[in-house]
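Only one chain is given next, in structure tokens, and it is the form predicted alone.
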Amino acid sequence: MQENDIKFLEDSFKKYYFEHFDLIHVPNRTFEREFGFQKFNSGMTRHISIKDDKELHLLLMRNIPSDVYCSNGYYSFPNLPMNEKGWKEADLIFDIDAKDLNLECRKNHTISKCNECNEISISNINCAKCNSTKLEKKSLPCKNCIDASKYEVSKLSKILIEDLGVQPNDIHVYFSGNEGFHVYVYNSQFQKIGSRERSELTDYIMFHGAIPETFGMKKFKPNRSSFPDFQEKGWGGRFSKEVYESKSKRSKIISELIINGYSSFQKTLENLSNKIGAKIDPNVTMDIHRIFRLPGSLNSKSGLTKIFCHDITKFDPYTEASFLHENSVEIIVSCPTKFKLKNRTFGPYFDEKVSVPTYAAVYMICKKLATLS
């Protein structure tokens, strides 16, 4: 990234942190958490201890970070190396990202930048200009990406509440600032469990590793009465709704399942995980020492804010998470697909000079599709 682009981004981010510090969520038990940050074109600085809002604000204004992070873990000594911190417990956090959902729409808004000749195109296999396969891919998520991610959040929340006894008020959903959502669970029975137990928890939530016997199927002489019914709680009820479709079909479907045999039933369960399991990133949830993007901070991949979703069904990230200025900026941009921000449509642009609001210029520069003119 060019120096003038970095200076422009830093100025825009600094202005945001000066004017919108009220959006920054300083977490409970602040002094027990580890903080970290990155600057544009530099590595991570972490193992930072912060006591209160004033110290955090000072860190932001002094360093003008591209990204700010805070641990899900609570420590006795958060500023010491990892093996000396004295881990106490950790909030349970889930990451749902549109890039992991295998959506058909992504091929229409994933842009490739060639690392050999810098050509920008929608080609996903090789460079349209020099035929190189060394491509850096950037996605400009669409409404369908966000809606699909919201659906996964709703599935996850339902499992947490109905199966795992989490109180609805203890589930906080945040837009990540780019193409997905972070779901935080506070004050739960899972605060003190370690990585192995969290791994088992993610398997349950994703419906991974389900065995046929749990759902009534046996290798020898399966019993029809052992198959789940519609009124069962948890995965038994969800299995029934998905596999039987209706109560009138239940008996017939069970007969077919028994005739098809044990191996076929196993494949049915594997296919079901994609439909009824919540699509979370298990590695994120398992990591009890991870530092997560700080709520209220900007995402350097977009210039959008990681923000709390009061009503996820109505939430529109491209209006509610865009806080940068309207001031016009001239940029040179290659963006072969259109996108929407603040109810305005931008693009497509083909290596041309245009004047756009600051928030749109930041978005495209962060995506490495534009540079200041």
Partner chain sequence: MIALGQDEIAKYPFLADAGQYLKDKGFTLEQFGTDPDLKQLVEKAFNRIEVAADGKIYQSDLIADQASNQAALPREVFSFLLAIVLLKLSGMTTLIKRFALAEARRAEKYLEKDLANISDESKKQLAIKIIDDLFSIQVKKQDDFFVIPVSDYLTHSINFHEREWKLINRHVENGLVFLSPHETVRLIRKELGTYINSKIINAKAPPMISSFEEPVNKLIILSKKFSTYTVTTGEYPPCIKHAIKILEKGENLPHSGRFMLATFLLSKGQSIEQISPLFKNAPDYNERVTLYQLNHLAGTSGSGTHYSCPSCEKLKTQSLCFAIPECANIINPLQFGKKRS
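Computed from a prediction, not measured in an experiment: that's the story for all the values here. Positions refer to the first chain, counted from 1.
The next section is about a form of this same protein that is not shown, the form predicted in complex with the partner chain.
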{"item": "Any non-hydrogen atom of residue 221 within 4.5 angstroms of the partner chain in the predicted bound form", "value": "no"}
{"item": "Residue 107, heavy atom within 4.5 angstroms of the partner chain in the predicted bound form", "value": "no"}
{"item": "Heavy atom of residue 184 within 4.5 Å of the partner chain in the predicted bound form", "value": "no"}
{"item": "Residue 208: touches the partner chain in the predicted bound form, heavy atom cutoff 4.5 angstroms", "value": "yes"}
{"item": "Answer option from 76, 199, 154, 118, heavy atom within 4.5 Å of the partner chain in the predicted bound form", "value": "199"}
{"item": "Interface residue in the predicted bound form among 227, 244, 292, 235, criterion: non-hydrogen atom within 4.5 angstroms of the partner chain", "value": "235"}
{"item": "Region of this chain that lies against the partner chain in the predicted bound form, out of 244 to 252, 107 to 115, 282 to 290, 93 to 101 [heavy atom, 4.5 Å]", "value": "282 to 290"}
{"item": "Three-residue site 47, 190 and 214 fully in contact with the partner chain in the predicted bound form at 4.5 Å by heavy atom", "value": "yes"}
